[in-house]
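Here you get one chain, nothing else, as structure tokens; it is the form predicted alone.
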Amino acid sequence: MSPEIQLAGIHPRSEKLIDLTRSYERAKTSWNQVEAQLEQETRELIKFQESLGFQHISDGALGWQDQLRPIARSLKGVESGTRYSRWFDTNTFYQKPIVTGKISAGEINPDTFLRTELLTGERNRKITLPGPYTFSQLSENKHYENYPDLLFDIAVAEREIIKRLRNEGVSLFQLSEPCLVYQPYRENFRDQSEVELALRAIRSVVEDNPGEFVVQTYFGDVAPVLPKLLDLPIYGIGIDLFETDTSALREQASKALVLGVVDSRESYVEDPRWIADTARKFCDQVDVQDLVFASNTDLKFLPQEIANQKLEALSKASELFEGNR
């Protein structure tokens, strides 16, 4: 069977939708106009994934303002301030969550996360959420004296959110954990004890339903932590091939590996033959049981047309990869 293809996060909006959103923010356009375009583009993206043979369908999170906000707005003890911070080393920003009290799951509205009414008939639904460690690292803590208490309260609350989304038909959850591999924003780099703490928090989220989770890493080299990620009770692990030192990988992968083999920060559309050849060379080095092709991170950093072309390249590469095995 050819490698599966998946969306690895938020998909970009069209220029028309971006313009409508800006016009709405200036009180020049009604929300109904924005919503109509948003619904149209979500439907088009769902059909596009189907046409490319995706097994797990995402709505693309086109209505999300940033990667953290839906979670932040579903938690008690967290406020959304006016401070915006750069999303790693991209040219985009996120609204920094402010922890002002003990964190717990608040009112969980699935519509905040997922367009279930547009995914009717799709049995295998995928959603991308920030993992508990990354959410804790990118928030401003004004309440907890002990970091582990903050981290594990986030994990417990996220379990509740995931439970609610599972009831909406989500069968695959991607927990994005870039902070496991990229942390130059910190004065003190994480030590091994903090890595272990992060992995324990992730484990507490996934352990009841291990077949439903992918832990996605990006913007950094996964090689130093891959052996420990392989010990987690999860379905798969995401690897940013543009940042990872693949020569250091010698593991026998007991999990599916999600190869981030197209670059979400580069407008050049990768050749499907290059993608397939890169994946084959990777498999010659690492014993892989199951393989998924994806972008290394959210495609939202690119124009929509370029992002769609990259998905088409992944689909063609998947066919080429299987045909040459």
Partner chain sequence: MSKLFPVQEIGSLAKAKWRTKGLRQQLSSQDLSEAEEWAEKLAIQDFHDRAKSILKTSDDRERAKEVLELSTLYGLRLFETAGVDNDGVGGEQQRVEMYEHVIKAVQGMTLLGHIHSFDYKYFNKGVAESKISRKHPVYLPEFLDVKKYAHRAVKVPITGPYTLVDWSFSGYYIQKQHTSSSKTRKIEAKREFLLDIVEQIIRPEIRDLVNAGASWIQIDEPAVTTHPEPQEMELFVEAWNETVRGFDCKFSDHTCYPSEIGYKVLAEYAPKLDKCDHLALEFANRDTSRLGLDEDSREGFRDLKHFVDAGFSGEFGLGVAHVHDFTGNVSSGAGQSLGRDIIESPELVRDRLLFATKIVGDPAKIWANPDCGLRTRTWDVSLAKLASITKGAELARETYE
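Numbering follows the first chain given and starts at 1. These numbers were taken from a predicted model, which means no experiment stands behind them.
Keep in mind that the form predicted in complex with the partner chain is missing from the display, and what follows is about it.
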When you measure heavy atoms, are T21, R83 and T92 every one within 4.5 angstroms of the partner chain in the model of the complex?
yes
Only one of 84-92, 99-107, 205-213, 143-151 has residues with a heavy atom within 4.5 Å of the partner chain in the model of the complex, and that stretch is 84-92
inquiry  = in the model of the complex, does R265 come within 4.5 Å of the partner chain, counting heavy atoms only?
reply    = yes
Report task. Consider H56 of the chain shown here, and say whether it contacts the partner chain in the model of the complex, taking contact as heavy atoms within 4.5 Å. Result -> no
ask   = Would Q285 show up as a contact with the partner chain in the model of the complex if we use heavy atoms at 4.5 Å?
value = no
_is_contact(L302, the partner chain) in the model of the complex, heavy atom dist at most 4.5 Å_ = yes
Picking from C179, V225, A155, L241, the single residue whose non-hydrogen atoms come within 4.5 angstroms of the partner chain in the model of the complex is L241
The listed residue (R280, R273, R69, R43) that reaches within 4.5 Å of the partner chain in the model of the complex by any heavy atom is R69
Contacts from 30-47 to the partner chain in the model of the complex (any heavy atom within 4.5 Å), listed N to C, are W31
